[in-house]
Structure formats: structure tokens, C-alpha cells
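As C-alpha cells, one chain now follows by itself in the form predicted on its own.
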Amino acid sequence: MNKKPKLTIAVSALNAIDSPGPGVAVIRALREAESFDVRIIGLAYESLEPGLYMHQLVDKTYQVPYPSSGIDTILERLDYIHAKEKLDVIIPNFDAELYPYIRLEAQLRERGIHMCLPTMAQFEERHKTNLPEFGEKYGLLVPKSKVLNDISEIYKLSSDFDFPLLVKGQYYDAYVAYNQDQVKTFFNRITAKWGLPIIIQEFVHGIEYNVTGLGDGTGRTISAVPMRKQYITDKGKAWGGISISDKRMLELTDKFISGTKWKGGFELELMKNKDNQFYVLEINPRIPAWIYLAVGVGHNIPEALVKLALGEKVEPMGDYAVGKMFIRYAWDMIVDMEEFQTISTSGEL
């Protein structure tokens, strides 16, 4: 019997706030991979990210500089980690990380570190600010939207949009505004956190759905798993969902992947209106936090993503179990203060 290879894989987004990062779910999926064993290296931005204290999941954690620090600073830190750990694969799980990691992909590959990421062109064209052009190019139904770079532009919205409408940040956060004053409040709140621009989007009434999946970069769909949100937080995040079978959602996903030749993991945020039309609200260019549902229905997307990153041929996954639910919950961990001090002072745990 052939012994499974052991891979050293670095995973980011170990946080677990009300809009949790996908890191812990990705690691759980990798621990259950059938084709390889893993040593998991956590990449943390803050010393209070819960994932870095989950020693049954994460073997070693390193603090890394924020994406805004610049690619030279990030590469220097990754070189330090790689010298110690001999990384095989990195899986970045935050939208804001992808820009520097895509730019660093060739340099990391020269060092023997592999990733499975969209190209810069793919990453840029599906951006919220470009969604109307994206929808037109690939034949996808998207809500009307407008990019704001100055708060004074709010006063002109009433001629183009009806209330309620959505106020979105370029990376994260979205709020439903019912009047002009709320638009101003959310504009200032998001700008203070994420900067400009702000996206105003038509509010589509309906039922929320999501699809997570994996493209191999040639136009083939390796995986697509749709779910219907069962419980939604005040930030619009799924806290519970159920896997469903919907031919039109799968066809829409195939259309997205074949048209863009998408490479890597993704999440489509969809809304089905009263006329049973699916609107694409957002295209998130990475694995979502609810990825473990896909694993639970038979599609281990993180495992397949690692194999693609290493240049292995991966076949489409096919059928998945319908009617499986995920329910997110909070779990208090007891952590020694010494561990917190260690990661805070040395940047390693």
C-alpha cells in the first residue's frame, strides 16, 4: 500500500468574528483529505484569532504583516517561515490578501511554494466596482450599481435608485439603507474601515442563495455546491444553510467558470427574485467560510484545490448529497495567557 505524501500547507483567515474567516473550515477539510496528510501552518494577523490556539488543527502559527504592508514585506516574512517550515502550498482566504499573493505567485513558485489563485485579470474584472460590466460581458444578470468616491455624490442617488438600497465596501461589509441619512452613515462607517470607493447597489427582493466551487483555469467546473441560507446574521452572513439541487444555479455557475476560465475557489452570492430570476450580487474570489458544508456533502474543495496547486490533474467531482445542513456555533476556548504573550511578542506559536 502506497504511503500518503505529507504536505506542509499554510492557511490564513483564522479569525472567528461575526463575519468569520474560512481558515478553520479549510483546515478541517485538509485534515480529512484522502490523498495526502498535512502539517498545518497558520498565518495570523492578530494574536486573538481563535484558530491559532486550536492545536488539534494547527501545528504552528506565525504572525504575518497586513496586505497593506506591501509585497516586499510580505515576501520577507514568508521567506522566514519557508526557511523554517518548507511550505508546499499556501491557501490565502481573505479577499484583501489576494492582490499581493497573486503578484507574488511566480516568486513563491520559484521557492517551491504553490498556490491555486485566479489571475490578476480574473480577480480585477469580477470586483464589485466592475460588476455591471462583468455581467454584460458574461451574460449574467446583476443588480444596477454605482461607484461613489465622494460623499457629496449621495445627493444624486435618488434619480437612479429607489430605497431601500445596498451600501457596500470594496472588500467587506454591506448595509441596507432606507433613506439618504442612512446612506451617509454607512458611507462613513465603511470608508473609515476599508477606504474608498463605496458601491451603491440596487436592492433585489427575494431569497438568498450561495454557490461555492472550484475552477481549474481551463473553463472546467471541478466542483459546484449550491446552498440556501437558512439563518442570516445582521451582516448578511450565513449562520446556517442547506445544500440544494438546482439545475439553473449549476448552469449559471458553469457559465461563470467556462466564460472566465476561473482558476481557484470562489463563492457566488445570488438572489432569486419574485420572477424566479437569479441575480449575481457578488463574486467572492476565494473559499467561503461555509466551505465545510461542501466537504460534508462529498466535495472536499480544499483538497482538490491543493492538488491543482501542485499541478495534478483533478477530475470533476460530480454528484453531492442534497438536504445536508450546516449550523454555525460559538465555542469558548480556555487559553493560557503565556500562549497569548508568546504570539504577541515573538510572532510565533
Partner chain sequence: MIKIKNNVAVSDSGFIFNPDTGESFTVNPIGVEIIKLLKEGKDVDTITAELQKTYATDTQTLEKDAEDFIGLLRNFSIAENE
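Residue numbers count along the first chain shown, from 1. From a predicted model like this one, the values you see are computed outputs, not experimental measurements.
Not pictured, yet referred to below: the form predicted together with the partner chain.
- Proximity to the partner chain in the predicted complex, taken as heavy atoms within 4.5 Å, picks out 318 to 326 from the listed stretches 318 to 326, 49 to 57, 293 to 301, 279 to 287.
- Checking 179, 245, 233, 188 against the partner chain in the predicted complex, a heavy atom within 4.5 Å turns up for just one residue: 245.
- For the residues 101, 266, 134, 209, the 4.5 Å heavy atom test against the partner chain in the predicted complex is passed only by 209.
- The partner chain in the predicted complex is not approached by residue 220, whose heavy atoms all lie more than 4.5 angstroms from it.
- The closest non-hydrogen atom of residue 228 lies within 4.5 Å of the partner chain in the predicted complex.
- Put simply, residue 146 is far from the partner chain in the predicted complex: not one heavy atom of it is within 4.5 Å.
- Using a 4.5 angstroms limit between non-hydrogen atoms, residue 127 is distant from the partner chain in the predicted complex.
- Contacts with the partner chain in the predicted complex, taken as any heavy atom within 4.5 Å, map within 262 to 283 to 272 alone.
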